[in-house]
Each structure stands twice: as C-alpha cells, then as structure tokens.
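We begin with a single chain expressed as structure tokens, specifically the form predicted on its own.
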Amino acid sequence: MGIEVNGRKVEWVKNETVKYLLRRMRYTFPLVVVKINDKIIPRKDFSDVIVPDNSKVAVIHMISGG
C-alpha cells in the first residue's frame, strides 16, 4: 500500500484527507493546487476528500512574480 506525491513514494494512511496529507508532507504554501490521479481537487474540498490507496498526487505551488 502506498501513494505517490510529486513523484515520491510515501506511505498511504487510511481515511487521510487532502488537508492532512498536505500537513504530513509539510506543504505549507498558502496557494496550492492538488490533483489526485489527474483530477483537480477544489480547495474547498481539501477537508473532505480522502486520498485513495495507490493514487498519484500532484501538489503544485502557485507563485506570482513581477
């Protein structure tokens, strides 16, 4: 059992939400986009969406520049 986060294999945790996965992985950026198996997860759903086993998770940090 395991998931892949940004290309890195990590342990899968049963019933872990996107919110808690981000916390566990120490992603503290204020603006991130999360995709699970190429499906974008709306920010408002981070506390409700459970990360399934064997999934590929992409966490994209949004930055701005000038």
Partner chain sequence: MVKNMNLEKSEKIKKKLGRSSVGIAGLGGLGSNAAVALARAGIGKMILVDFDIVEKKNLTRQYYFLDQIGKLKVDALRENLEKINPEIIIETYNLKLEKNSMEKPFIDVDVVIEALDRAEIKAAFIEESLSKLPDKHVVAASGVAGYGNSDRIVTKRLGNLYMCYDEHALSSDDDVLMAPRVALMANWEANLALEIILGEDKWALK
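Here the structure is a predicted model, which is why all the values come from computation and not from measurement. Positions refer to the first chain, counted from 1.
Keep in mind the form predicted in complex with its partner chain is missing from the figure; the text below concerns it.
Asks: Taking its partner chain in the predicted bound form, would 31, 58 and 61 all count as contacting it (heavy atom within 4.5 Å)?
Replies: Yes, the whole trio is in contact, each within 4.5 Å by some heavy atom.
Asks: Quick check on residue 23: any heavy atom within 4.5 Å of its partner chain in the predicted bound form?
Replies: Looking in the predicted bound form, residue contacts with its partner chain do not include residue 23, since no heavy atom lies within 4.5 Å.
Asks: Can you tell me whether residue 42 touches its partner chain? I mean in the predicted bound form, with a 4.5 angstroms heavy atom cut-off.
Replies: Yes, contact at 4.5 Å.
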